[in-house]
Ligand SMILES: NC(=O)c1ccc[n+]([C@@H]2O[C@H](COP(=O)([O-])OP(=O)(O)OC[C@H]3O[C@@H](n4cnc5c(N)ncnc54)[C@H](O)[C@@H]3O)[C@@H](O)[C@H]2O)c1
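Presented below, as structure tokens, is a lone chain in the form predicted on its own.
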């Protein structure tokens, strides 16, 4: 088991507990972190049937009663209509500011439940139990919430921190392979921007990672959490260092939006990373060997280097709605070498188009 406490300048601290089997001890962690007597578990139709009863039972042992709200699984639930449905249920349950919101699920549920918690009654306490690899290493950490709007990814959202995140690597055994691989994309991203040693570890052990080897999985998840925690705690609002976490995401989110959210997040981010690395290579910032290493690892992880039939112009149009644009300028993350990144304002739409066309050759 690993434990980390993130302390934010504005918000209160967030305790993160990760390891194999930690969900079995959820009642203890919850009891140590919660002062309230009621909770609402927000989950989806896939995860709820597997774990909602266990979580509610664990809460009962700590003297905390819990209601369960179950939404349809999938990206199509991540919208204001679903949020409104949850608001109505919370009102029916007479939820108050002492009611804990527990996000039990992957990134969709985590983002939606956190957005709901941040806005209902101007803020309810929040706890994350991420059940996908992507959520464990990325979306449950750092306080970003959001829902999709008119086909645009995470267009409406807030910054709102959970006080506790419990990430059990054992639950990843029930995760479909394609969703598991989605999470590996975020791990590769973190290694690429900030930890060359982690990148090398992935290169040497990607088959074991794909086979979900317990000890190795715990190590890489915790190292990835630490990277995000270090970058996010000093920059809650994406003003400086946290922007590095967007490597591959400017193009990746554009791909998701341009394809009607039909491309999975990890796949889009993988293509975005390769395109960004190609841009860095064209600018003579990144060496050809590091570009080859990144392409090779992405491919060996089962992630795409290209999206067939992708329209680069549609991607660029979607990027114009990017939340990280300030005064019309895209802050674009490039890597100098594997483990070393920076934010550039020199990347143009034409460079992005060229990089995507190269990926579609």
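Numbering follows the first chain given and starts at 1. Keep in mind it's a predicted model, so treat the numbers as computed, not measured.
There is also a form predicted together with this ligand; it is not shown, and the following applies to it.
This chain appears without its partner; in the model of the complex, the one residue of 47, 333, 39, 55 with a heavy atom within 4.5 Å of this ligand is 47. A heavy atom within 4.5 Å of this ligand in the model of the complex is found for one listed residue only; from 175, 83, 217, 291, this is 175. Contact check for 108, 131 and 228: all three have a heavy atom within 4.5 Å of this ligand in the model of the complex. In short, of 91 to 99, 196 to 204, 71 to 79, 272 to 280 it is 71 to 79 that has heavy atoms within 4.5 Å of this ligand in the model of the complex. Remark: residue 139 counts among the residues lining this ligand in the model of the complex, judged by a heavy atom distance of 4.5 Å or less. A residue is said to contact a partner when one of its heavy atoms sits within 4.5 Å of a partner heavy atom; residue 171 meets this definition for this ligand in the model of the complex.
Although the partner is absent from this view, residue 154 contacts this ligand in the model of the complex, with a non-hydrogen atom inside 4.5 angstroms.
Interface residue remark: residue 29 is not counted as part of the site for this ligand in the model of the complex, having no heavy atom within 4.5 Å. Residues 179, 182 are the ones in 178 to 207 with at least one heavy atom within 4.5 Å of this ligand in the model of the complex, listed in sequence order.
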